[in-house]
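The data below hold one chain only, encoded as structure tokens and taken in the form predicted on its own.
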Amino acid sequence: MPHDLYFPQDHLLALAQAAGTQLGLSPAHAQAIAQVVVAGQRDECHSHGLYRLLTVAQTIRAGKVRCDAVPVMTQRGRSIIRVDAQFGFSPLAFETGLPALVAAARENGLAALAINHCVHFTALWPEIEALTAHGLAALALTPSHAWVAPAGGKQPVFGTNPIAFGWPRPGPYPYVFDFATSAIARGDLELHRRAGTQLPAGCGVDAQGAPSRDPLEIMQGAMLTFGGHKGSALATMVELMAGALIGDWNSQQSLAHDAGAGAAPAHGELILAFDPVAFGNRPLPELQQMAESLFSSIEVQGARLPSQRRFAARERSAQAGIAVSAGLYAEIQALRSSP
């Protein structure tokens, strides 16, 4: 029977960084990637945890990423930060632009970070939490590969096109949501494929456009947006805001660039940072108290705020260690020792 192993965070950071280095990543890229995949594993966000190192490996072997790319940052005006990732992985590009984004949001109230030419495989919530830690509200958008059909259609046009938002709360954890505009995240679809399990109904169609719950059939057909036309409209917005607006590829162009290699998507990302004090013209604690009243009205009914499960998992991981399935741990160890 499959079973979990438990490790301290430092052990998994070292393992992930060693695997990345063995795969040919520069030390800076290996470290940045290790941080985000271990954070996903720690929070029991398995579709974006250590499993993603397998995506990193496939992308490197396919020759679809520059392992030693050095991101180049420029600034246009006072509030638009641009980072050209030079077709390297996205985490290092975000780290490069983060200090300037925070400073510009503080100065102007609102600032944008446009990351171009990045190879993207991560969740967005680590980036959002990096901004809420500075007392900022934040919004992030990114396309992916064209895997998702529009409402009423059956041919892939959109990526999974996640949207993430965060608000700084008192205490250790912010308010954060991060969800794909597809009915299921691509990483979750991959986990179902690996496990040989069916998807929930309404996630996709087969190559003939018939509803299917089989992950392999859906990979040959198309995923679907959540909420019908509403999810489809949001997915279109992401294509425009994080594609055309910042002068980068949309999901169809990303998939064409992949040319069947099965690598991580290559495109851009848009992150907006807002200073609540500048907008609200009040001290941050007063603005936070207004938000806390809203959150209390939600929770008093027994409803759950987004990310609460992740934060509970983070607490468990701090106490008991980070859980990793024995099979996945062996795969990561194999990456670490691969020639």
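Counting begins at 1, following the sequence as shown. Predicted model, so just to flag it, every value in this text is computed and none were measured.
A second form of this protein, the form predicted in complex with a small molecule, is not displayed here; the remarks below concern that form.
Although the partner is absent here, residue 305 lies within 4.5 Å of the small molecule in the predicted bound form, judged by heavy atoms.
Taking the partner from the other structure, the small molecule in the predicted bound form has a heavy atom within 4.5 Å of a heavy atom of residue 143. In the predicted bound form, the small molecule stays beyond 4.5 Å of every heavy atom belonging to residue 167. For the chain shown alone, residue 97 is not a contact residue for the small molecule in the predicted bound form, no non-hydrogen atom being within 4.5 angstroms.
A single residue from the set 217, 84, 188, 129 has any heavy atom within 4.5 angstroms of the small molecule in the predicted bound form; that residue is 188. Comment: the small molecule is not present in this chain, but in the predicted bound form one of 162, 91, 221, 174 has a heavy atom within 4.5 Å of it, namely 162. Heavy atoms within 4.5 Å of the small molecule in the predicted bound form are found in one stretch of 149-157, 72-80, 180-188, 202-210, which is 180-188.
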